[in-house]
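Only one chain is included here, represented as structure tokens and corresponding to the form predicted on its own.
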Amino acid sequence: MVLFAGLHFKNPYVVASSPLTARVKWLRAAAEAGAAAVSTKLTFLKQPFYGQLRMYNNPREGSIVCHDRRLDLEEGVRLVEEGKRYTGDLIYFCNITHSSDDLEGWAHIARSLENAGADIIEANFICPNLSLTARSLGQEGPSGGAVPGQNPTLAEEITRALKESVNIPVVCKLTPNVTSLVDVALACEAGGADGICVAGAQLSLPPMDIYHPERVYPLLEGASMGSLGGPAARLMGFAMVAQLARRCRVPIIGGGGIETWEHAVQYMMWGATLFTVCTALMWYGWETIPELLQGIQRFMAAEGYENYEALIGCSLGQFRAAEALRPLAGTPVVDADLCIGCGTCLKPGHCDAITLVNDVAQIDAAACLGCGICAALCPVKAITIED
């Protein structure tokens, strides 16, 4: 069990707001696979345009969603009402957005979904392809999604209006496309937010087909910036979670690029109470949920962690300003029995500490900078770093 915003979650797994949570059949699939919670598909009073799912996919790099259909309010209400009948103890975050200057509109959406059975309202201050893409081109666009997420004052006002309108927790899902993520998070906290969620969504463009430069996204005329997910978002996700966990009093949900149980544990050790997954489920299926949760359970049992809470923030004590870091003495060590003499470790352009002697890598400790690149490049893991 995990306690978040006053609610008990059976585990830390949240299925992110996405096409995965737009239909009752997928909400049932999430519950049957063992997820503790879902964030329902983004709901408006009335969405500004009716898109179709189009995205860039590269499992080695990441995903970019630039066009998708959301839900009008009556659809969002019906989804929650019907989903609640079939999904047992599944906890429902309801992801919503609205025009940033119409506080009563935000409140109306939130009340409607609370009445439908929502457990938590998730204020969407993250989606870039509602507004930021138009504004980046010097055009006017809808003022929901990431627009209020770039303005601490607006974010605080909307959060306060939501808190005054509903009796369930309010979580703010923040855009990373800001000068100071912490300032926006603290503003939401001041407005009464019960939690903060960060999960990918950096403004991104995919590569084009260089032989046909007009082709960017498949099955889409034109190209727009979209929300980054998948592996490319993971390291940035760690940084967002850690800085918020150090500065905020409310609990954090972290995500972006989670594909394995190790990734989920890393998010929790950087300070996330819950973690959220989207792209990996869209690529690899619902069976990845029990696999991931079982991996965490095995790890906790083997390492002596009594519960999920014991993982939260384990590495935060190591997070500090660069000037406070202390380099440790150490050098790469070569296992001669494993080394295949391939010469990969000789490639780094800044290094002259490694040579091959009788087809075995040799490291001059005095010349070594300690960057660790050779160990990362070695295809057979013959090089390790020792303090």
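Remember, predicted model here, so these are calculated numbers, not experimental data. The first residue of the shown sequence is 1; numbering continues from there.
Below: the form predicted together with a small molecule, not depicted.
Visitor: Do M225 and the small molecule share at least one heavy atom pair within 4.5 Å in the model of the complex?
Guide: Judged by the heavy-atom cut-off of 4.5 Å, M225 is well away from the small molecule in the model of the complex.
Visitor: So in the model of the complex, does any heavy atom of L53 sit within 4.5 Å of the small molecule?
Guide: Although the small molecule is absent here, L53 would touch it in the model of the complex, with heavy atoms inside 4.5 Å.
Visitor: Does the small molecule come within 4.5 Å of any heavy atom of V65 in the model of the complex?
Guide: Output for V65 is yes: heavy atoms within 4.5 Å of the small molecule.
Visitor: Quick one: is V38 in contact with the small molecule in the model of the complex, heavy atoms, 4.5 Å cut-off?
Guide: Taking the distances in the model of the complex, the answer for V38 is no, it never comes within 4.5 Å of the small molecule.
Visitor: With the small molecule left out here, work out from 307-315, 292-300, 81-89, 225-233 which stretch has heavy atoms within 4.5 Å of it in the model of the complex.
Guide: That would be 225-233.
Visitor: In the model of the complex, do A16, P19 and G257 all reach within 4.5 Å of the small molecule through at least one heavy atom apiece?
Guide: Per the other structure, all of A16, P19 and G257 touch the small molecule.
Visitor: Among A199, L274, A155, L244, which has at least one heavy atom within 4.5 Å of the small molecule in the model of the complex?
Guide: Looking at A199, L274, A155, L244 one by one, just A199 meets the 4.5 Å heavy-atom criterion.
Visitor: Considering the small molecule in the model of the complex, which of M240, C278, A193, I121 comes within 4.5 Å of it through any heavy atom?
Guide: Contact residue from the list: C278.
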